[in-house]
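Presented below, as structure tokens, is a lone chain in the form predicted on its own.
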């Protein structure tokens, strides 16, 4: 339950006061995080940038971890869908290009949020929820490929998606290397070929063990 701000009960109509305050505050969190990182993120700075009384921010979000968690939860409330190019390789390449673009833009809010999630348990839980949401949505890419006959039945969508996208995160987040314009397609091609060969097939019923 969201406590009311100090100046009266919130308007709970969609698009009302509560929604406006949340939008202002979360926009401020992203801006502060992008400019100052986790170490420089404070409740007071967020309240000032958002133009919201700091008591409202404390009552609703409690601490910096609560702010970060809500930013991540808000990201999962969008209508994003994975690319649909007509082929698995095309879909994976387009997906990797989207990921790469989000990680190289400066400031990269996704990178900042990932780093912050290692410092806040609440943010870590929210980051995990967002990963689960994104992987679940991306399973459509694999389901379409199976339906077109590009992949064997019982292909493990999660394993395939991780294999296809991991090189992008490894290059840009772990190694902090310069972006490689060829990597999105190369990683997609490698995962596509491996998947078509059955590398990500789940055991058929009765074959476990």
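Positions refer to the first chain, counted from 1. If you're wondering where the values come from, they're calculated on a predicted model, not measured in any experiment.
Beyond the structure shown, there is the form predicted in complex with a further copy of the same chain, which is absent from this document and is the topic of what follows.
a further copy of the same chain: the contacting residue among 36, 170, 59, 154 in the model of the complex [heavy atom, 4.5 Å]: Residue within 4.5 Å of the partner: 170.
Heavy atom within 4.5 Å of a further copy of the same chain in the model of the complex - the one residue of 48, 166, 55, 140 that qualifies: It is 166 that has a heavy atom within 4.5 Å of the partner.
Heavy atom of each of 117, 194 and 197 within 4.5 Å of a further copy of the same chain in the model of the complex: Answer is yes for this spot.
Contact stretch among 27-35, 174-182, 141-149, 64-72 - heavy atom within 4.5 Å of a further copy of the same chain in the model of the complex: Only one stretch passes the 4.5 Å heavy-atom test: 174-182.
Residue 135 within 4.5 Å of a further copy of the same chain in the model of the complex, heavy atoms: Within the cut-off, so yes.
is_contact(residue 18, a further copy of the same chain) in the model of the complex, heavy atom dist at most 4.5 Å: Flag for residue 18 set to no.
Close approach of residue 23 to a further copy of the same chain in the model of the complex, 4.5 Å, heavy atom: Residue 23: no, not in contact with a further copy of the same chain in the model of the complex.
Residue contact check: residue 102 to a further copy of the same chain in the model of the complex, 4.5 Å heavy atom: Contact check for residue 102: no, nothing within 4.5 Å of a further copy of the same chain in the model of the complex.
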